[in-house]
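What follows is a pair of forms of the same protein chain, given separately as structure tokens and numbered structure 1 and structure 2.
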Structure 1
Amino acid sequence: MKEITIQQNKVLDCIQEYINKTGFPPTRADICRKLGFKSPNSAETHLRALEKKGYITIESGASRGISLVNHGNDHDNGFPIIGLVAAGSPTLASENIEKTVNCPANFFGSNFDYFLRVRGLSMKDAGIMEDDLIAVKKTQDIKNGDIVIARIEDEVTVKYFERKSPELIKLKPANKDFNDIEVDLRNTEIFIEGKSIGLIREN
């Protein structure tokens, strides 16, 4: 997805906020009022830039014809719940989807991509229990201490992430009955699916 400028992002946020508040999109003039522009053409040019970059669509001729494009994820019908099987990677393939959960994309503050159903108690002390649903954000932006979804040679696991050195990654469980997993990148391949940014428990 193409990058957008700070001003274009302000316009995008403004549209989002307007729709949330009123239920319908703003006019050029509405955007001007909100952002302090003096000419409707200021809004127009930003809108056209956002349209060109794929963030919105504009219905030609119609008033308030702006609609936000859901990009990255198409979670109109809810977010998929993916079962965490001991072996095999969690994919968004439909056969792995238990069901879907309807909630806002920014439910956990930041956007996320899918839910993972937890098996086992290796993260018990982090409050992650069997059958809990972890909200997973697909990202490579991982910091030490993040709870990551990692795949090591077809084995998928949820653990604390800790980079010990450029070649050594430690995956730490939150349960003293489980052992740390040390991954030497020189002889083992590891893929970080993403990180946990939230949790849902149904009981």
Structure 2
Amino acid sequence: MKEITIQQNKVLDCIQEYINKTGFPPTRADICRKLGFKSPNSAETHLRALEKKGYITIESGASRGISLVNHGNDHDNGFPIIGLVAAGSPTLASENIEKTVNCPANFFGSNFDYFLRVRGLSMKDAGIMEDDLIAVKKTQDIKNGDIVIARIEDEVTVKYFERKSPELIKLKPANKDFNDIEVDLRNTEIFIEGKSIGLIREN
């Protein structure tokens, strides 16, 4: 795979995010509104570059004819390592990616999508320490007791998941010095980015 520019990566993130939210790809106008481009030609230039580099395909004559190319889990350029997540940005946005690291896709016995660098010691009793890299599988198939990556408004946190009721979720640390986080879905928005399936320690 050829490397893409920061701006092309933003367009790619925009397409992925739009598909995740709506189920269909954005138009050029949608991309312009989201990324602040002044004309659809700007979006078109980036789309054609992404098509040439093999990240998307474009069906001529269709306003929503953009398709992401599924590269499976080959991760030719390695798995991205996500550092501190910029407030309000998608986890995999380019500004959050520290670097990439090569690792077999089935290294943990299950496919995963990216590594998240751990900040703090709230999960130390689960063996997750500061600066560890946890392998994150993007999924909404979450059970009580899973270690999840949760976005609460603009903050991303790693905790044990426990659903107390249809309206109440509890995120539990693995360190007695930290308090549980209770999320009432009636007045607070939470998004489960995925779950941890393993970790590696660089040092």
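Here, residue number means position along structure 1's sequence, counting from 1. Rigid core (definition): largest C-alpha set, two forms, superposition within 1.5 Å. Note that this is a predicted model, so its numbers are computed, not measured.
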Structure 1 or structure 2: which matches the form predicted in complex with a further copy of the same chain?
1
After core superposition, I'd like to know whether residue 51 moves between structure 1 and structure 2 (criterion: C-alpha shift of 2 angstroms or more).
yes
After fitting the core, residue 60 CA displacement of 2 Å or more between structure 1 and structure 2
yes
After fitting the rigid core, is the C-alpha of residue 40 off by 2 Å or more between structure 1 and structure 2?
yes
Superposed on the core, the Cα displacement of residue 24 between structure 1 and structure 2 in Å comes to 35.9
